[in-house]
Structures are given as structure tokens and as C-alpha cells.
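The chain below stands alone and is given as C-alpha cells, in the form predicted on its own.
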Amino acid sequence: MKTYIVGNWKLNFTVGEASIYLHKLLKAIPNYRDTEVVVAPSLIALQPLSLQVDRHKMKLAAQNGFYRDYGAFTGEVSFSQLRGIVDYAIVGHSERRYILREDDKMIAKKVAAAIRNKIKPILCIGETEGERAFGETKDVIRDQLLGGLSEIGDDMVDKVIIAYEPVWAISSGKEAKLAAPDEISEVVKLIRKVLTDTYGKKVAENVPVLFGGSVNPSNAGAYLTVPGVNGLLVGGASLILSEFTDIIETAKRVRA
């Protein structure tokens, strides 16, 4: 299975800045056979960057998409409109769940819409600090995982990437707690168990599971050695050329 390094640029970079940064990034990294490098610029930058990106080195992801393919939905951009521009889409990120109030039903429709339009969804799941403190991690992970997959058939589950991003470990302008490898391992095992119990062992083994949560060059290696982790979803560090390339090199070295 490939190792995935996904950089989520969130609400950063103008179109011009994104283009310059992508140019530098493409020059800095070689073509990796077993490591899939993906970046998720803001929506407005996706189309011009799709003409610039070398898809042998890197793929593009959308940070969001609408679940209907067309219609009277002012301000939305559908996955059908993103088809051919991106290969991946981040769905269910905690910032959309908790700031923009997207629920599992909405997220499940987006997962299905992405797959329908030949875009691979990266389904983000993760508990808050309060949920972990009250011992609700297992229930939250199970509900978000199965809820997010509820609109697709069993034969489509292996077209999804799961990203475990504990909300308490995401640095959003403030210092976050770092997740320990054993804490990550516990949840990754749970994700695999839920997938196995629901869809069978073969499907569970074919679904990549990523970890995200304040990933940086100093902890990337430790996170990539957690059993069952197939890659990383990187936030702030993906905006800094030296840090993101270091993480990519670490992935290649660890997985060699």
C-alpha cells in the first residue's frame, strides 16, 4: 500500500502565492514511486494549479465539495465541477464539523458524491478533548466512521481514505496537545476492527488510514511507524517548504 502525505493548506495563500509555493515544491521533490504526495489548496486556486501541477510528482485535493452535482445552490461548488481538476477531496474535517456544523448525514452524502465523480474522499474522523475525557472516543469514532460511509455500498468502501484527526491534537492558532503513538495505535486498531466487523477483513486491509494532528518534521517519523498508519494529513507544516519536504523525505525513509 502507498504512503500518503497530504498537505491541507486551509485558508492560506492567495492564488499567486499558491502558484509560487507549488512551483518551489515541485522543484524540491522527486517522483516517488510508493509515496503519494497530495496538496489541498483553497478552492479558488485549484483550477489554475491543476494546469501547473506535475501529476507524476503530486496530486491535488479539494478541501470541500457540495453533495449535489448541480442545481440552485448559490455559492457551492460540486464534486462534478471538481472532476478532472482534483484526484482527492477532504471530507468531514473537524473544522467543518464543529465550526460549520456539518453532520454525519451531510458528510456521508459528500463521500458518495466524491466517489460518484471519480474523486477519492479522505474522510476525517476524530474526537474532541471533552469526548476523550469522558471516555467517549470509541463511540465517536465508530459513529463518525460508519456514519460517513453510510451512503455508499460495501463494494465502494475501499475507495475511501480514512484520516484520524483527534480534534484536541489539531493546532488551530494555539498550541495543541500532541497525540502519543500508543494513543494513535489504539484508535487505528479500533478503526480497523469496525471496518472488519462491518465490511470484512479484505476491505479493512485495503482502506488506507492516515493520522493528522500537529504533524511536523520532529514527530512525523514516530507517527509513520505506528502499526496500521499509512500516511499523514499535515496542516501548518505543509505551508513551510522545508518542513513539508522534510516530512515527505521522512516518509520515504521510514517506508523504505
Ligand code: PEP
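In this text, residue numbers run from 1 along the sequence as written. Owing to the predicted nature of the structure, the values given are computational and were not obtained by experimental measurement.
The protein also exists as the form predicted in complex with this ligand; that form is not presented, and the subsequent description refers to it.
Worksheet entry | 4.5 Å heavy atom contact, E95 and this ligand in the predicted bound form | Answer yes; at least one heavy atom of E95 falls within 4.5 Å of this ligand in the predicted bound form.
Discussion item. I'd like to check something about L22: if you look in the predicted bound form, is any of its heavy atoms closer than or equal to 4.5 Å to a heavy atom of this ligand?
Written reply: Although this ligand is absent here, L22 would stay clear of it in the predicted bound form, with no heavy atoms inside 4.5 Å.
Worksheet item: Within a 4.5 Å heavy atom cut-off, is E165 in contact with this ligand in the predicted bound form?
Response: Within the cut-off, so yes.
Discussion item. Using a 4.5 angstroms cut-off on non-hydrogen atoms, would A169 count as touching this ligand in the predicted bound form?
Written reply: Yes.
Worksheet entry | Residue (of N230, S42, S50, S214) lying close to this ligand in the predicted bound form, criterion heavy atoms within 4.5 Å | Of the listed residues, the single hit is S214.
Item to complete: Would you point out which of 205 to 213, 222 to 230, 23 to 31, 56 to 64 contains residues with a non-hydrogen atom within 4.5 Å of this ligand in the predicted bound form?
Response: One stretch meets the cut-off, namely 205 to 213.
Discussion item. For a quick check, can you give me the residues of 233 to 251 that have a heavy atom within 4.5 Å of this ligand in the predicted bound form?
Written reply: The stretch touches the partner through L233, V234, G235, G236.
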